[in-house]
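Given next, in C-alpha cells, is a single chain: the form predicted on its own.
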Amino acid sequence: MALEHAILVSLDERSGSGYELAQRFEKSIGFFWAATHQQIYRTLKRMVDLGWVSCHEVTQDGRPDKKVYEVTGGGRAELTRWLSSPGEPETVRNDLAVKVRGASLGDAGAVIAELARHRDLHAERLDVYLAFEKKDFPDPSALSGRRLHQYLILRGGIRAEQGLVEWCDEALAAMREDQRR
C-alpha cells in the first residue's frame, strides 16, 4: 500500500488540513501505517497534482490560513481501483526477532532485557487498543459499514498485540530458564 491510499481513506472519512490529517495518523491510522508530517505534506502535494484531492484555503482569525484537502472523483476512482486489486501479505522485518535468534552470539542478558522492554510496550499498546474498543465500540454486533470496518482493524490490532505479548512471555520464560542452566 502506498501512503496515498491511507490518506485517501482518511480524507474520505473526513476532509481536513495537513495538520489535522497528521493528527489522525498519530491517533489511529498511524497504528498500522506510519507517516511523518513531512511525508504527509509531500504526498498531499503530489495527490493534488494527480487530481486525487482538491485543496482550498480557509481563513482563520489570528492564525495563518489553512489548506483543507478533500477527495475528488479521481481520488475515489483510484481508491476503488486500489481496493479491488490483489495485494501480497506483508514481509515482516523484526529487529527483535533477529536479536533473539542471535542471543547466543553475544550478551543474552541484554537481549532478555530488550525482550522484556518490548513485552511491556506491546502490553501498553494492547491496553490502549482495549480502551478504544470499550469507549468507541460498546456494541460491536450493531456495527455496519465504515464503523464495522474500523472496528475490524482495531480487533486485528488487539489480536496482534495479544499474540506479541504472549510470544514475548513465552520467549522470556524460555530464555530465562536457559540462562539458569
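We call the rigid core whatever largest set of C-alpha positions still superposes within 1.5 Å between the two forms. The numbering used is simple: start at 1 and walk along the sequence shown. Keep in mind that what you see is a predicted model, and the values were worked out from it rather than measured.
The following text describes the form predicted in complex with the DNA, which does not appear among the structures shown.
Can Arg81 be called a contact residue for the DNA in the model of the complex at 4.5 Å between heavy atoms?
No.
Please determine whether Arg93 contacts the DNA in the model of the complex, using a 4.5 Å cut-off between heavy atoms.
Flag for Arg93 set to yes.
Indicate whether the DNA has at least one heavy atom within 4.5 Å of a heavy atom of Gly18 in the model of the complex.
Within the cut-off, so yes.
Examine Gln23 and determine whether its closest non-hydrogen atom to the DNA in the model of the complex is within 4.5 angstroms.
It does: once the DNA is placed as it appears in the model of the complex, Gln23 has a heavy atom within 4.5 Å of it.
Would you mind picking out the stretch of 122-130, 34-42, 108-116, 151-159 that comes within 4.5 angstroms of the DNA in the model of the complex, counting non-hydrogen atoms?
Among the candidates, contact is made by 34-42.
Looking at Lys27, Arg146, Lys134, Arg63 here, can you tell me which has any non-hydrogen atom within 4.5 angstroms of the DNA in the model of the complex?
Checked against the cut-off, the match is Arg63.
Which residues within 152-181 place at least one heavy atom within 4.5 Å of the DNA in the model of the complex?
Heavy-atom contacts within 4.5 Å come from no residue here.
Gly145 C-alpha moves between this form and the one not shown by 2 Å or more, core aligned:
Result for Gly145: no, shift under 2 Å.
Is the C-alpha displacement of Arg63 equal to or greater than 2 Å between this form and the one not shown once the rigid core has been superposed?
It does, since the Arg63 C-alpha is displaced 2 Å or more between this form and the one not shown after the core fit.
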